[in-house]
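There is one chain below, alone, in structure tokens, taken in the form predicted on its own.
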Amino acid sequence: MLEVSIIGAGPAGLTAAYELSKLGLKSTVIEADHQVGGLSRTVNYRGYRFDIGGHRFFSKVPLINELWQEILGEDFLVRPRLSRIHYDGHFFDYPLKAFNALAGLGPVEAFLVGLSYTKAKLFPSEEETTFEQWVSNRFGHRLYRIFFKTYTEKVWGIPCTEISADWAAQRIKNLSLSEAIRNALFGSGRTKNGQIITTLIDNFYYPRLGPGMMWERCKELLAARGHETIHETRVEKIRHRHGRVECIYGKTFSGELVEFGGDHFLSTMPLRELIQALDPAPPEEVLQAAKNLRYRDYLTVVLIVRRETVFPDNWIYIHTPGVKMGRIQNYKNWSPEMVPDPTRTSLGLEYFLWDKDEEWNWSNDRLIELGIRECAQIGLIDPTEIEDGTVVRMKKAYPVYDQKYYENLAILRQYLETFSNLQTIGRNGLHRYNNQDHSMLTGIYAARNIVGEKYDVWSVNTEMEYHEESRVEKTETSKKKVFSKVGDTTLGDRQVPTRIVPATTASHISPDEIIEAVFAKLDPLALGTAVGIVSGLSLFLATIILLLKGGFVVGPNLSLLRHYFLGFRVTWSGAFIGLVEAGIGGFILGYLIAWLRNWGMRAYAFLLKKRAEAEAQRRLLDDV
């Protein structure tokens, strides 16, 4: 039996182990922390539970939805969603609501936003290499400064001019100001996505005791099947030879060195650390590329408030300049069971930092004081209401998409592809800002690759890059059906990623090209010419036949056409006039038919695209 060693017990690693157990293979999961879940773990502080960030359970991948239900079952709750933006002393509903936004910004600012948007449409930046350029081209520079710049720079710690446009295209794709306004005024339609009927804005699934409950349960199921999860062991060396990993060495918290063998190895550890752990060391170019990758660190200041209700939101985005925190989570509103005392509320104040920042090394007491002061500053609490608090730090929470990340990642990927039994998965294993469901999918793909499948783990990212199949109800045979490499979607069906086809056949196919293929245009010139020739010849031949037939009265009914064709008579000269005029009339008719048909299909395709865009824009800030 093949044996697999998996580095990391987050969603990707545990999902890979779970899939391997279904495939009949044995795995061992090695985790550096004392608990599983990675970024999706749930911390318990004196009975108060909280996330490392909020983790909604919603996916467009039916396979992942079914897996969640399979693991957790009745412990899933359906929770109502409410979130707002705090900016300049005002709370803005999120997603945008027209009258609320107008009241917050004021008519003058709203007018200036409109002018800025018009300028962006008339004089867009020709270059789109940075986040600032990408967003400003689509929303205008003024709205970018209000609702994007401050928050984004809080999250990433670098100017928006240094953040790659790739990140914007991945995380806030398919959005426009006009679409946002349309949804603000009229709302967006609901669509059924498999078994999930509610929309992202309305409801989401959430484990009763937080997201960590999912992964603790997964670990228990794996243990029952004989798959071990080893805690508090950090992988420090990966020995390899001739393109194969031979074993890995982990160091326990007590300093003991432990060796793990295996036929195959899966890694969720940050790419930078993985490359630096390889023995023998990779070429200098590869080491430098790994060193150039950057990660944003994160900490949560948790405050226990002596109040039953503080605010109704699940979370609030803090766009206000002068306040360091980026978001506030209200865990009680995610699940009532996240707090042990219903008369209390626990708040999670999220700070995005570098581990070299001064604040990162502050004491817990000093960070708690900062959190209390900032919450009071924006009017959420009275400092006297705080009765307790704690701090949780998480290093390398977010892979950074700076201007050089792509070329560095390309070097690392090319090198890692030389290994025949090593696959990297998950957010940090791919240096991709994946959602939880995407990370899980990479684990499933990697597990199936071990038994001979040919999935491209690197292809899994956001919906924009899914390799989609239509329905989960299809058989395994149909699931293996090959689709286009980029964005191949069966419109209106449920979506499940499937393997890619060779790049030579599909690597240059874009979503717009696929829509063009589905709604292929008629050639107005060709159809007009065809209809013109048929019409002209038909009238000419009908006239000639009547003339040859002869008789006392020749073609009385055909003569009625003289009311439509100037100069036409059932005569020899009239036949040629009819040939020309009917040909011209037929050409015009055919051309109009093709044009109207193309216009109608373009309108229909536009509506389909806008429906998808409307759904995507509702979760803009959730993806930041």
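For clarity, every value in this text was computed on a predicted model and none was experimentally measured. Numbering starts at 1 and runs along the sequence shown.
Separately, the form predicted in complex with a small molecule exists; it is not shown, and the next lines address it.
Here is the short version: of 577, 52, 63, 561, the single residue with a heavy atom within 4.5 Å of the small molecule in the model of the complex is 52. Residue 398 is the only one of 405, 398, 87, 139 with a heavy atom lying within 4.5 Å of the small molecule in the model of the complex. Candidate site formed by 273, 327 and 436: every one of these residues places a non-hydrogen atom within 4.5 angstroms of the small molecule in the model of the complex. Stretch-level contact analysis of 358-366, 449-457, 120-128, 425-433 against the small molecule in the model of the complex, using heavy atoms and a 4.5 Å limit, identifies 425-433. Contact annotation: residue 245 falls outside 4.5 Å of the small molecule in the model of the complex, judged by heavy atom distances.
The closest heavy atom approach of residue 346 to the small molecule in the model of the complex falls outside 4.5 Å. Heavy atoms of residue 153 never reach within 4.5 Å of the small molecule in the model of the complex, leaving it off the interface. For the chain shown alone, residue 16 is not a contact residue for the small molecule in the model of the complex, no non-hydrogen atom being within 4.5 angstroms.
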